[in-house]
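Only one chain is given next, in structure tokens, and it is the form predicted on its own.
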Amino acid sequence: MAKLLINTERKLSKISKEIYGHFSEHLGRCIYEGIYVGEDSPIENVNGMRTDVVEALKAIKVPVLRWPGGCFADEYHWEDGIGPKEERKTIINTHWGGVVEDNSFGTHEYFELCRQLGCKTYVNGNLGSGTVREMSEWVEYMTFKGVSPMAKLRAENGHEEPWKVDYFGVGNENWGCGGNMTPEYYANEYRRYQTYVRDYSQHSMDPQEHIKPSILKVCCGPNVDDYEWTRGVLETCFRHSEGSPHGFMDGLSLHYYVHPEGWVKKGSATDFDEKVWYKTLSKALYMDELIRRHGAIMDEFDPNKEIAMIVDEWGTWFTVEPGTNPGFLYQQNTIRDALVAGITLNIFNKHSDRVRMANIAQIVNVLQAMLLTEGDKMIKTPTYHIFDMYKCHQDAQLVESWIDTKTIGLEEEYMVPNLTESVSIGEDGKLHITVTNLSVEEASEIDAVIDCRVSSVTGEIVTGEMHEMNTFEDPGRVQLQKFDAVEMNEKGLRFVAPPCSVLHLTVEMA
């Protein structure tokens, strides 16, 4: 029997709700068809946003949405996406599928989507092929309140009041698709560009708006284990930065995808054996090492953890579904994806003192999506149900926990612990325990010892055979189910986590 020890008296860090954030890029059928169908579509919509998708996403409390990319961001010129739609410039989306982009979803449509979702905004600017002036004027267009050329243009396009930009990314993957830069070159460009990402709230007559910066700036961080990039960017940004807090940045990004068979031949999303199952989960667990090692470098420059680590692209990346456009990155989603999500979110919770935002890629129809659409049909993936389950941790207080594990697997290189966990006290005052069982075949009996008396417990679970998934023909195969096989005792709880499962217990403490 495995021991799970929970110390509710030792509160460690706040789990920022933005850890449960999402990413939407002009890629494949994410924006077009997946989210935006236009006002004249026969699919039910509000101002062009499909109602079924918006309602499903509101249910999991999407806290923040990153847009417009991704690699697309460093070729995106925002003025192409404003004004009358019939007059907007059409371009070729050279990164993703070589298809025509008509820019019918632009700045106004993005903020309308975030309004409907009730989420924070995270706009990624173009450093790779754009100019300082272009970036500066986009920020002015979005946020300036008063009389200015860009505010006037925004009003002429139908929106007099400014929007709120919560996060602004200065470039994306500038070590690769965003310009193939060196860390030192990018960091100097970052310093220059971010200077002109003006915080116009500081001009406000309302003193309440001066309390803290309105726009939090995100610097492009490393790809996977490129520790040289992290160090090089931080060294350059912190050099001669007196008077500018924490190297001119509020966040440093990290990108990491799980592709079990490698970058070139990633492996099927649905056709895999037990060896590949464990290899995939082993690679998901690698996120912990990446956060620790990049975090250790960040600690040298920022020991007080003022700079957030922002994992703004993560998730599974498999070979596209047969018969689909390779550039659209459309993949199915199984119980294996549910385990990757549960494992990774537990890791983020455990590192919430440094990781304060993450954005799974992507929200609809691309990579490890929450939702898949086909015409007017929509299905929720197993990953969606994990985000539904884990929303209890949003803005909760992480507490100390430890679980007894054993090593399992079929190949020495890809052995994994059989269990992972994280525990928090939510805003509702209840204790929330999330546990993953990585074993394909073996259930785990768990004895949870809690340092307080338990008055009641309820549970929910996502589980199934490792290949199970939802399809348009069978949309309810994988669902969030009630889990009531929990025994309360004097020390806490006893329960059995089935194989291939992610479960959540809500505990009321006496």
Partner chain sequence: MQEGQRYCRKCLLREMDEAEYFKNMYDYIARLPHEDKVSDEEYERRLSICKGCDYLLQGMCRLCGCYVEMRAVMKVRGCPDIPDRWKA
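Numbering follows the first chain given and starts at 1. All values reported here derive from a predicted model rather than from experimental measurement.
One more form of this protein should be noted, the form predicted in complex with its partner chain, which is absent from this view; the next part is about it.
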Quick one: of 80, 404, 156, 374, which gets a non-hydrogen atom within 4.5 angstroms of its partner chain in the predicted bound form? 374
Its partner chain: the contacting residue among 151, 320, 425, 408 in the predicted bound form [heavy atom, 4.5 Å]: 320
Any idea which of 346 to 354, 393 to 401, 241 to 249, 280 to 288 reaches within 4.5 Å of its partner chain in the predicted bound form, heavy atoms considered? 280 to 288
When you measure heavy atoms, are 223, 256 and 328 every one within 4.5 angstroms of its partner chain in the predicted bound form? yes
Distance check, residue 466 to its partner chain in the predicted bound form, heavy atom within 4.5 Å: no
Any of the heavy atoms of residue 49 lying within 4.5 Å of its partner chain in the predicted bound form? no
Does any part of residue 175 reach within 4.5 Å of its partner chain in the predicted bound form? Heavy atoms only, please. yes
Any chance residue 262 has a heavy atom within 4.5 Å of its partner chain in the predicted bound form? yes
Can you name the residues of 471 to 503 that have a heavy atom within 4.5 Å of its partner chain in the predicted bound form? 473
